[in-house]
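Next up is one chain by itself, shown in structure tokens, the form predicted alone.
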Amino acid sequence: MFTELNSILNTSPDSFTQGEFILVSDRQSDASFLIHHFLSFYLRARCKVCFLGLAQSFCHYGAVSQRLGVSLTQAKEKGQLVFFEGLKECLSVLLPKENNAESGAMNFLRDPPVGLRSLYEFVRSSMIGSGSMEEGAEQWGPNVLLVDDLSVLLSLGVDVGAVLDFSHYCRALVCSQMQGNMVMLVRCNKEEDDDDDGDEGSEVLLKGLIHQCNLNLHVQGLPTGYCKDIHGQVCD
């Protein structure tokens, strides 16, 4: 975990604000280290975490978390972590096999008009299911939803409005209804003053999410160019 970031945000695994939507964004840089930070942070805080890993495999997140002193495999086995592996789900939808069991959360790949309703239902069932405790089962803290990253949905052909609706309903469920926290990553590849419309979708998505979130942590390259010791800056 990044102790300096925790100090700036005035937070720790023992004491953090509930009901917050934290948006992580980047431009011409890589903010994925913040997703790894928040994943390890909330697991250390004994929160019940639902993680939509749309950009990387479970092995990737597990290897990074291991370096941060957290075992995702153990968290899954204990029921603290629900991990959705988007890459594997996409493969099972696009290349179906008899022995492949899919959750149905990525049905929009097969039937675009369905939208992200199935993905939201997966999140909802994961969150609601965590509220029913079996006798003798380990109890966890507030619910947390992490998404890495929403921009992948645009690449898969989902409309910007549908992605914004998805984040809105997730925020209403997790932050408002359950008083949990939500962290989402979105990427913008073009320069801020670039007039090219090729990346317009991600720009509209970013602006919409900034309007929804409580805190935006934005990672971007240095305006002065490359530096050997400092690769970028984080601002809110």
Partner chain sequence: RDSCSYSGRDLLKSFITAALNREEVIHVLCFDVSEEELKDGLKPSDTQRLHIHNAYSDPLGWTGHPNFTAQQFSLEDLTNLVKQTSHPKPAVLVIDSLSWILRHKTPPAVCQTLQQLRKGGAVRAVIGLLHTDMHQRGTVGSVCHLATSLISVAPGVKGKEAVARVTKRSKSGKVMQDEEIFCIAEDFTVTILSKASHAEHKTNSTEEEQADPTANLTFNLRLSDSELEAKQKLTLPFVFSKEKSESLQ
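We call the rigid core whatever largest set of C-alpha positions still superposes within 1.5 Å between the two forms. A quick note: this is a predicted structure, and the numbers were derived from the prediction, not measured. Residue numbers count along the first chain shown, from 1.
From this point on, the text means the form predicted in complex with its partner chain, which you will not see here.
The shortest heavy atom separation between H168 and its partner chain in the model of the complex is within 4.5 Å. Using a 4.5 Å cutoff between non-hydrogen atoms, Y120 counts as a contact of its partner chain in the model of the complex.
Remark: V204 counts among the residues lining its partner chain in the model of the complex, judged by a heavy atom distance of 4.5 Å or less.
Put simply, V82 is far from its partner chain in the model of the complex: not one heavy atom of it is within 4.5 Å. After superposition on the rigid core, the Cα atom of P112 is displaced by 2 Å or more between this form and the one not shown.
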